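Only one chain comes next, encoded as structure tokens, the form predicted on its own.
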Amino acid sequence: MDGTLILALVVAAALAFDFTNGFHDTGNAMAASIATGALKPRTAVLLSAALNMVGAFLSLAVAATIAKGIVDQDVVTLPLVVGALAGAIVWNVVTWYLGLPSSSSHALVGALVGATLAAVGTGGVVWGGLVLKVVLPALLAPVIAGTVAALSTALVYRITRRVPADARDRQLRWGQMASASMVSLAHGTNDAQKSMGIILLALVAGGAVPAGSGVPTWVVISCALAMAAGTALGGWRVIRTLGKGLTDIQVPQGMASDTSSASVILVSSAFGFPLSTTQVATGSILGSGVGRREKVRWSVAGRMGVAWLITLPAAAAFGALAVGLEHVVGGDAGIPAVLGVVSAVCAVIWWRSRRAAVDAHNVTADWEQDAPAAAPAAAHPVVVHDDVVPTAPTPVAV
């Protein structure tokens, strides 16, 4: 198979991951604003898509970390990159199907590490970079974001305690819209960079650019557009879990949690940390519930925590399996074979998920942990081009 065609397939796979990253993580930016009614669902996701695209052009520090700080560029091959992308895409789609707001960032990093281990062994992984720039931020970021959100929420409620609730919410909605927009912008500065880094790895491995090169402009533009397109799709399932499943969010909480999330994500982007925006957003929402002294559904948070813990190893396993399949097929045919399997898996999951839907109409329905997923969707049984969820015993819980 022609080398240029293989490289084009790898780039297309990277953009496909970027697309799944977009719809998987929309809730990180807009769940709180949609839950409080500060923004209408469709308006929120389109605004988020536009700002994600802008944010992708503001920083390339995270792209450099993915391209150089996790695995040794000298051992990277195109089959290895495809294995990493395959593992990350499958994990993203599986967790979307199950309604788990897991980390797309950790899915990509885990799959990249797993593919590298399967291809060349432990020597290909930059373990120091993995610990310092992925594992430690993963442990600290949600705690920091939650603490900041809790303090901010308590402060906002204290300052506005003598203001009538209607007047307070009317004024603070503007602040919440601004803070949610900042989260979307920050998300673009962090998450869009990851696919840029993977494509740069592929270009180096394919000999298109020399090792140590920066990210080409066309890669930045392509990744920005792919992320924006995925974000515009909605990601309603995860939006519902974050916006309604963790705590009942009021406008002051939403503004405080979004501001906290944006601050933590922007700081991490500046330092080149491929942060999990999902963990940051979840920590901020939980913190806002604590700060308001509102009921927090810790059982939902606990299930999300389990998903966080298993994302890196599970994605690594998928990445390693993809590389193994490439070896079994052998030669250049291994890459299209793996991409074909990934496409088939995604198609089957999508087909199964059409049985019930969460969309812009029912995403803010009251959260009932023990209610079936299809219940709120009954009034809108036909969904076109919307994010959908499978039929399950407890579909609105994770």
Partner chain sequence: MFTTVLTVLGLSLVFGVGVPALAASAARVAAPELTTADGGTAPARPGAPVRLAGAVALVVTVVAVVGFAVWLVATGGTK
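Just so it is clear, the structure is predicted and the values come from calculations on it, not from any experiment. Numbering follows the first chain given and starts at 1.
Below: the form predicted together with the partner chain, not depicted.
Please run the contact check for Val323 against the partner chain in the model of the complex: heavy atoms, 4.5 angstroms, yes or no?
Val323: no contact with the partner chain in the model of the complex.
Classify Leu132 as contacting or not contacting the partner chain in the model of the complex by the rule of any non-hydrogen atom within 4.5 angstroms, answering yes or no.
Because a heavy atom of Leu132 falls inside 4.5 Å of the partner chain in the model of the complex, the answer is yes.
With the partner left out here, check for me: in the model of the complex, does some heavy atom of Ile221 sit within 4.5 Å of the partner chain?
Ile221: no contact with the partner chain in the model of the complex.
Ser105 within 4.5 Å of the partner chain in the model of the complex, heavy atoms
No.
Please identify the residue among Leu309, Val75, Leu136, Val209 with any heavy atom within 4.5 Å of the partner chain in the model of the complex.
Comparing distances to the partner chain in the model of the complex, the residue within 4.5 Å is Leu136.
Selected contact from Leu112, Val264, Ala281, Ala180, since only one has a non-hydrogen atom within 4.5 angstroms of the partner chain in the model of the complex
Checking each option against the partner chain in the model of the complex, the one that comes within 4.5 Å is Val264.
Complete contact of Leu155, Pro164 and Phe273 with the partner chain in the model of the complex (any heavy atom, 4.5 Å):
Every listed residue reaches the partner chain in the model of the complex, so yes.
Heavy atom contact within 4.5 Å of the partner chain in the model of the complex, the stretch among 169 to 177, 301 to 309, 94 to 102, 283 to 291:
One stretch meets the cut-off, namely 169 to 177.
Can you name the residues of 110 to 148 that have a non-hydrogen atom within 4.5 angstroms of the partner chain in the model of the complex?
Sequence-ordered list: Leu132, Leu136, Leu140, Ile144, Val148.
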